[in-house]
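Shown next as C-alpha cells: one chain only, the form predicted alone.
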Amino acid sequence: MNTFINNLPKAELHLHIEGSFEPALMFKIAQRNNIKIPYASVEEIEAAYKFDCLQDFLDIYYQGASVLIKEEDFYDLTYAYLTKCAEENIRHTEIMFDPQTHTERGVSFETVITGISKAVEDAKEKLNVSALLIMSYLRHLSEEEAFKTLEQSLPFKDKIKAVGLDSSEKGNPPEKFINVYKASIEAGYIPVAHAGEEGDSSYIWGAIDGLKIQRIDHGNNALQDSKLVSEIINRDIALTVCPLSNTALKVVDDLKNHPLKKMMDLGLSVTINSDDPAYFGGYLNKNYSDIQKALDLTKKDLIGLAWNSFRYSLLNSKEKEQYLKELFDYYQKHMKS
C-alpha cells in the first residue's frame, strides 16, 4: 500500500510554506544571515518542534520564520518543499504564504513574493511540479492590517491566485474580515479560509456565507451541524483535511478517531494535506499512509481522495483534465493488481 501511495499522482491544497521549514534549513539560513536563535544545534530545534496546542505551535512557527530575511531565503525554503513534492509524486501544489509574518519584521512584500515565485517557476521547469500561491491573512491581526497586505499585493497579482485566512481561530471569526475579502474578490483573488479547526461549526457558516469561500481549510467541526454538512455538499465545497496536523494539535486524539471516513461517507468532498509538515511529523505521503492504516482505507478510497485534490484545485479546466487523466491511467493500471 505504501508503494501505491508513493506513486499515486496527487495534489496538495493545504500547505503553509513557512510550516515546511525543516530544522537543518532553518539552522543554515540563521547562520547565513547571522541571526541568533535560541537553539545551539539542529537537534535542539527538532526537540522544540513538539507542542500541545495551536498557540504553542504558532509561537515557534513565527520564531522560525524570523530568520527569513532575503529573497534567497524564501527561494530556498520554497524550492526545498517543491523538491519534496517531486519525490512524493505531488504533481501540483497550492502554497499558502503569510506576508504579514514577514512585513511586520521589516521584510518587504516584494522580497517574499519574488523569492517564492522564482522557486515556483524553477520547479515547474526542473521538477515538473506545478504550483499556485495563496496569500493568507493572519486572523489574529486586524482587518485594517489585512487591507494593507492586500494593497501591497496588487503589483504582484499575476503571481497570486487566491487569498486565505489562518493563525489563531478562536476569538477571530470570519466575519471580522468580510470587507477585506470582498475587496480581495473584486481584485481578482479566489477566496478560501481556515474554518472549523479550533472554532465550532459557526466559524464555517461565517466563512461560506460571509467570506464567500470556494474551499474550506480543515472543516472538521462541520460534523457538529447536519444542516451545514448538507449546505457544504449542495454548494460543492471541498474540505482540505490535515490528519497529522489534527493529532499534533490535539484537534483529534487519535487517527483512529479521525472524522475523515465519516466525512467521505456523508458525501463531503475531502482532500488530504500536510498543513505544516516540518512541524507535524510528515509530508503528504505520510498523511496518506498513516490515515489509510488508521481508518483501513481502500485503494479506491485513496484514488477518490487524490481525484478530489485535482478536481478542487484552483487550476483551469484544461490543466485539471491533464492531471485527472494521469490519475485515471494510474487507476486503470493498479486497481486490478
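This one's a predicted model, so the numbers in the text were calculated from it and none came from an experiment. All residue numbers are counted from 1 along the displayed sequence.
The protein also exists as the form predicted in complex with a small molecule; that form is not presented, and the subsequent description refers to it.
The candidate stretches are 229-237, 85-93, 201-209, 163-171, and the one lying within 4.5 Å of the small molecule in the predicted bound form by heavy atoms is 163-171.
This chain is drawn without the small molecule; in the predicted bound form, the residue among S245, T78, N220, S184 with a heavy atom within 4.5 Å of it is S245. For the residues W307, F27, F57, Y283, the 4.5 Å heavy atom test against the small molecule in the predicted bound form is passed only by F57. Of the heavy atoms in E197, some are within 4.5 Å of the small molecule in the predicted bound form. The small molecule in the predicted bound form is approached by Y61, whose closest heavy atom lies within 4.5 angstroms of it. The shortest heavy atom separation between V129 and the small molecule in the predicted bound form exceeds 4.5 Å. For the chain shown alone, I213 is not a contact residue for the small molecule in the predicted bound form, no non-hydrogen atom being within 4.5 angstroms.
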